[in-house]
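For reference, the chain that follows is the form predicted on its own, supplied as structure tokens.
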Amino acid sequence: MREVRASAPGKVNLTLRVGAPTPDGYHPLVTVFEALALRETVTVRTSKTPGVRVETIAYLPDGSIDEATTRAMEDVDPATHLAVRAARVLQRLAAAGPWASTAAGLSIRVDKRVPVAGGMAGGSADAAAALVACNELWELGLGAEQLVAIGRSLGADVPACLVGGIALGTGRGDHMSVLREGDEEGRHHWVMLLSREGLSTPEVFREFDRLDAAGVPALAEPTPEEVAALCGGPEELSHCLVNDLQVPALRLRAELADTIASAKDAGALAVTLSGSGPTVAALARDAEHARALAATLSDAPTVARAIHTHGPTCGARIESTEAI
């Protein structure tokens, strides 16, 4: 048997522009992602028992197990788990190759550090890590573009988790152009402010359509000057953050406005909603400033948890591989 471990990052949207829905109901997007140091780790192991099994263990920022989220993940239908869906796509390819004899059974362990249902692409990171891990496990030899194409079929954020860094997403946000590669230290420090209650992405988009029924401006990609600022230091970035879904999200969850106000009052350089929410991202000057913000905002009445992280970091990658 073989075992491969891979990881992939969560994300924050530095910009998120939303167009009018197309006839199929989808909204075109122009968005800039930043990969964060909060990473999902997926371990895949060949098994003699047919089928795909998954176990998810969630962790708190201090490294202890998040018992409530871990229990909640036990109730998730494996057929909808993005790591399982990703693995099954590659399992079908492996069944026709030299690893056919070991492709029938697979066990997956997900070590979850990206908050669930927070607009930070935790599930998409699971899929990205599973794709990279299974590609290595069964020696499929798929290149980065092939994995991104498969990722696109699994979810709009999966390609961003695969490529990492700071990346422009167009189409449905899933056609990627890397603007800046990720690194270990990162240039931007964030405090991610978690909400006490989730927020439905479809509901946010429906509210967007209702509010903007009179017409939505045409989408435009960022200019070279805007790209330079997005990829620059925190001061430059602080003037660029924008999210077209923030207003509809705040209409649905008024307390998010209090979270944003608390972050601004605490001295954040800039504050934005991450994706469709409900996580609020507060930009800090540096690591020390982020730690101070996190300590202050942990006590805010509308904040369930404040997590310090940084970006841009690298995309999905292999962490280890071994025979067992």
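Quick note: we count residues from 1 along the sequence shown, nothing fancier. Keep in mind that this is a model prediction, so the values were computed, not measured.
Below, we turn to the form predicted in complex with ligand C5P, even though it does not appear here.
- Task: Please name which of the stretches 199 to 207, 71 to 79, 217 to 225, 142 to 150 has residues with heavy atoms lying within 4.5 Å of ligand C5P in the predicted complex.
- Result: Within 4.5 Å of the partner lies stretch 199 to 207.
- Query: Among Pro248, Gly155, Gly165, Pro115, which has any heavy atom within 4.5 Å of ligand C5P in the predicted complex?
  - Reply: It is Gly155.
- Query: in the predicted complex, which of the listed residues (Arg88, Arg172, Arg109, Arg180) lies with a heavy atom within 4.5 Å of ligand C5P?
  - Reply: The option sitting close enough to the partner is Arg172.
- Answer for His27 alone: is it within 4.5 Å of ligand C5P in the predicted complex, judged on heavy atom distances? Close contact exists here: in the predicted complex, His27 approaches ligand C5P to within 4.5 Å, heavy atoms only.
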